[in-house]
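What follows is a single chain, given as structure tokens, in the form predicted alone.
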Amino acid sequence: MKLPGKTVERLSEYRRTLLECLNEKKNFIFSHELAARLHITAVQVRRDLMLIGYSSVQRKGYDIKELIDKIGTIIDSQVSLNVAIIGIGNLGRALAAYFKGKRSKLNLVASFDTDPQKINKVIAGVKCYSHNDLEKMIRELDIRIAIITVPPEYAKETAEEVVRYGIKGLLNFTTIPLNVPSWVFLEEYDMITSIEKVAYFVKENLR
């Protein structure tokens, strides 16, 4: 069964929250507790978990370890997927540093840049290759996912390149909307839009 994108997002958020609960020495959690931590409804939590075929022991709630494992079987790949960051400026470095070691089935194996000062150096724990070597290294390292953090004026050209070289998933951190073929999954994150959304609700609450 193919899950809606928003459901997959919430499952990832559930797992992250459940891992925090384990660190707090908590073994069981009720849907309303999980919902409160994520500022959503208990109905939404139960609906999502029913979609993946998981239910709680009524008097105890959800078994946290069991639920973490169940979510992993649904959203994690059975095989490791290699990831690259295209554009290792300040944002690219921050993402690389945050990414490393977070998920066993997602491997950040390369970054790419046009700056000669960065090429062939290890930056934020990952080797930087020349942008000119995109095609060669994407194929050689079997990279399936690309995170684009290049300057906006190069975003479309970069996306077209990596798709042409075999990338199947794109995470776009630039401010330029991208168009990709139907066989490529695209996720776009515009920080300006997110900040404007926060600012809107702050403005409304100040009235």
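The numbering used is simple: start at 1 and walk along the sequence shown. We call the rigid core the largest set of C-alpha positions that still match within 1.5 Å between the two forms. Predicted, not measured: the structure shown is a model, and the values here were computed from it.
FYI, the form predicted in complex with another copy of the chain isn't displayed, but the following is about it.
* **Close approach of residue 93 to another copy of the chain in the model of the complex, 4.5 Å, heavy atom** => The answer is yes: residue 93 has a heavy atom within 4.5 Å of another copy of the chain.
* Asked: Contact between residue 22 and another copy of the chain in the model of the complex at 4.5 Å, heavy atoms?
  -> Residue-level check for residue 22: no, no contact with another copy of the chain.
* To do: Give a yes or no for residue 68: in the model of the complex, does one of its heavy atoms lie within 4.5 Å of a heavy atom belonging to another copy of the chain?
  => Looking in the model of the complex, residue contacts with another copy of the chain do not include residue 68, since no heavy atom lies within 4.5 Å.
* Flag residue 38 as yes or no: does it have a non-hydrogen atom within 4.5 angstroms of any non-hydrogen atom of another copy of the chain in the model of the complex? => Close contact exists here: in the model of the complex, residue 38 approaches another copy of the chain to within 4.5 Å, heavy atoms only.
* Looking at 137 to 145, 157 to 165, 43 to 51, 59 to 67, which one sits within 4.5 Å of another copy of the chain in the model of the complex if you count heavy atoms only? -> Answer to the contact question: 137 to 145.
* **Partner contacts in the model of the complex for 5 to 21 (non-hydrogen atom within 4.5 angstroms of another copy of the chain)** => Sequence-ordered list: 5, 8, 9, 12, 13, 15, 16, 17, 20.
* Asked: Does residue 199 show a Cα shift reaching 2 Å between this form and the one not shown after rigid-core superposition?
  -> It does, since the residue 199 C-alpha is displaced 2 Å or more between this form and the one not shown after the core fit.
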